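Presented below, as structure tokens, is a lone chain in the form predicted alone.
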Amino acid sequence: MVTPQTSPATAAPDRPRPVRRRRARSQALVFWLFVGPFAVGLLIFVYVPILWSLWLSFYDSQSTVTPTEFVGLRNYQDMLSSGPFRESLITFTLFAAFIVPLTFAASLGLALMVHRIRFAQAFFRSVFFLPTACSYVVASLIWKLSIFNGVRFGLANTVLEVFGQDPIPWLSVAQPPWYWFPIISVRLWLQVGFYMILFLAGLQRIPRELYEAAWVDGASPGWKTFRHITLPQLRNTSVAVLLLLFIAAYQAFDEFYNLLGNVVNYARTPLQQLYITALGASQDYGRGSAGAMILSLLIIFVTLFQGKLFGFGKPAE
């Protein structure tokens, strides 16, 4: 007996239009209930201040956030001429030249070691990640008062004394620039665990079949498999880590402010200098806004250049 075939149109008739419209409206309502407060907060607390700072940067406005006299690009010329803000950009460049490659290498090395061990992996992952939960202010004060305090009984000078070296005033002199050791080490200790977690997530996504195929072809575990398999598979993670490290370096403030104080003028970051310009004795919001715009453009330029250079977002080879 031949069973009569039912056409798809008769088997699954379209839902009535009013029902579909109600469902679409319900989904849109749920979407805006979740996203709406975040979008409004983003608009009010992020984009409006950015646009207001851009507007303010073309005006002379001291001790007031209301634009008074239009000065064109004069605030930008003043900030980019020889002065504290340009010196702070040089300080940042030195800081980024040390902290970005050091953090990248240390976090990748830790992730490779933690990924390989077969026991207590969760313990080591937690131990290395724990400093990320510590405040920059608290860590800076510990570094300043206990480890690099510059007196004979400080931890760093005690270690030097064991090797027959004289105590070093780590934070109180500009030459030689010993202050870079506390600044670099506290930033490294605080953030290396976070980037280790990102690399661990990337390592766990690499198919094990790639390594097994390489071993069948005669490649031995070690540098060759790391160079030809692990590193290319981690390309997107590596680019993301580099982007975050550069942005974090541009935003460095807490460790400089708490380790060196506000009176030291030989190592100020751009944010620290903008803080002094806009909220110091002069309260020059026009120049402070111009400096903030310059810093934002630098971050955007470096981010886009890195993404273009390393092919951020492209699939792994």
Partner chain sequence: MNNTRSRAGTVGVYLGLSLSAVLFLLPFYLILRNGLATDQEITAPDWKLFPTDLQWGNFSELFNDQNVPFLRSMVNSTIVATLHTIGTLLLASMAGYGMARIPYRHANKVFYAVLGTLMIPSAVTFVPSFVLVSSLGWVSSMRGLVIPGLFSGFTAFLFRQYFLNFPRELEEAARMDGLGYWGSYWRVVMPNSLNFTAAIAVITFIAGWNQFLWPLVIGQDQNSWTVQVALSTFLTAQTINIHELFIASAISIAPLIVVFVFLQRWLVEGVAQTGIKG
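Rigid core (definition): largest C-alpha set, two forms, superposition within 1.5 Å. Residue numbers count along the first chain shown, from 1. In this text the structure is predicted, and so the values were computed from the model without any measurement.
We do not show the form predicted in complex with its partner chain, though everything after this point is about it.
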item	value
Residue 309 within 4.5 Å of its partner chain in the predicted bound form, heavy atoms	no
Close approach of residue 70 to its partner chain in the predicted bound form, 4.5 Å, heavy atom	no
4.5 angstroms heavy atom contact with its partner chain in the predicted bound form for residue 128	yes
Distance check, residue 160 to its partner chain in the predicted bound form, heavy atom within 4.5 Å	no
The unique member of 124, 178, 76, 104 whose heavy atoms fall within 4.5 Å of its partner chain in the predicted bound form	124
Triplet 58, 85 and 242 all within 4.5 Å of its partner chain in the predicted bound form via a heavy atom	no
Stretch from 92 to 100, 170 to 178, 107 to 115, 77 to 85 whose residues place a heavy atom within 4.5 Å of its partner chain in the predicted bound form	107 to 115
Heavy atom within 4.5 Å of its partner chain in the predicted bound form - qualifying residues of 48 to 64	48, 49, 50, 52, 53, 56
Rigid-core frame, C-alpha of residue 41, shift of 2 angstroms or more between this form and the one not shown	yes
Shift of residue 26 between this form and the one not shown at or above 2 Å (CA, core fit)	yes
